[in-house]
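Take a look at this single chain, the form predicted alone, given in structure tokens.
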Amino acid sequence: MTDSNPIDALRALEAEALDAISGAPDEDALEDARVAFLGRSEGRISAVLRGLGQLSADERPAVGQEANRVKAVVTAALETRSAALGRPAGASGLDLTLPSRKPWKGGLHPITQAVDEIWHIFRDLGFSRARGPEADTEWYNFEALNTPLDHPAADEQDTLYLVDSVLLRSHTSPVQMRTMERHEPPIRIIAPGWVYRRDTYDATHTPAFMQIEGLVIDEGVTFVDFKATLAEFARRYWGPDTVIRLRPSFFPFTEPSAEVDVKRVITRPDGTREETDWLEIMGAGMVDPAVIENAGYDSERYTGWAFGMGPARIALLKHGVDDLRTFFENDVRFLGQFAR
């Protein structure tokens, strides 16, 4: 600084800067004033701060304090004038008229939607919803359902054991047995819930997944009731032209047992209709008499049928998704397509 009194010189710079700022007619003039007084290389106030090292030890504290005060006053004046002119100083090209980002809106997960839709259909068909513990015993998960402990499904390679005979249920069938123990027929329930298996995580399997099982127990229940109910469910879920077929199969807790396939009719956006191939959606069958007797019922008096399906795979079919893992990767760009 060339002035004999640095503090007086700083106050003069302050007055000059404030005049230039208040008189700036537009954004360009305001930016010129900012560069002239506070710019890093050419700013006059910045030059004072850079020159503090040339002052004596006695002068330096007072001059530095005054320089910082002046810088703060000028900076505040720039912000005030910038607001008056309509945008922040130095923010060239910022368009404050751009629309704001829309707030996030939550939605039900597509698998949860599938569970709810399936439940609503069966509710209208006279079913109740039942729940049970996710950690259960070998008796409820296997033995009560006519599955001996030497069955491959009970191996530790397939089932997640916790301690002794307690395990993470591998299906929601234990809910069926617990319901039969607590209630007398007639029984018409569905049991949705999480189940756990030592499956490989791939396009069609996950170690933890939702399952929905159904159970009907009453006097005079026949295979005709079984097939007619599932056919009605398929029509309500996929459309009135949907048909089902039953293929012979084997499950320890049903006899006879069947795999249930559906064939759908899809209407394209151009109005054309296309029939799909057969697709498996569930396993089902008439309840084995041994299971009915394990519940304390008279198997000569009562009969029933049961089914089990994976709503995740149902959602795959409905939305045309080819990899189950995409439902669990938590990518909101993908999941947001199904939010409602």
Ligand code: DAH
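This structure is a prediction, so every number in the text was calculated from the model and none was measured. Residue indices: 1-based, along the sequence shown.
This next part talks about the form predicted together with 3,4-dihydroxyphenylalanine, which is not shown.
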Problem - residue 311: touches 3,4-dihydroxyphenylalanine in the predicted complex, heavy atom cutoff 4.5 angstroms - result: no
Handout entry: Contact of residue 197 with 3,4-dihydroxyphenylalanine in the predicted complex (heavy atom, 4.5 Å)
Key = yes
Exercise for the section: Examine residue 237 and determine whether its closest non-hydrogen atom to 3,4-dihydroxyphenylalanine in the predicted complex is within 4.5 angstroms. Expected result: no
Practice task
Check whether residue 127 has any heavy atom within 4.5 Å of a heavy atom of 3,4-dihydroxyphenylalanine in the predicted complex, and answer yes or no.
Solution key: no
Practice task
Could you tell me which stretch in 107-115, 229-237, 178-186, 252-260 has residues with non-hydrogen atoms within 4.5 Å of 3,4-dihydroxyphenylalanine in the predicted complex?
Solution key: 252-260
Handout entry: Proximity to 3,4-dihydroxyphenylalanine in the predicted complex, single hit among 281, 295, 33, 284 (heavy atom within 4.5 Å)
Key = 284
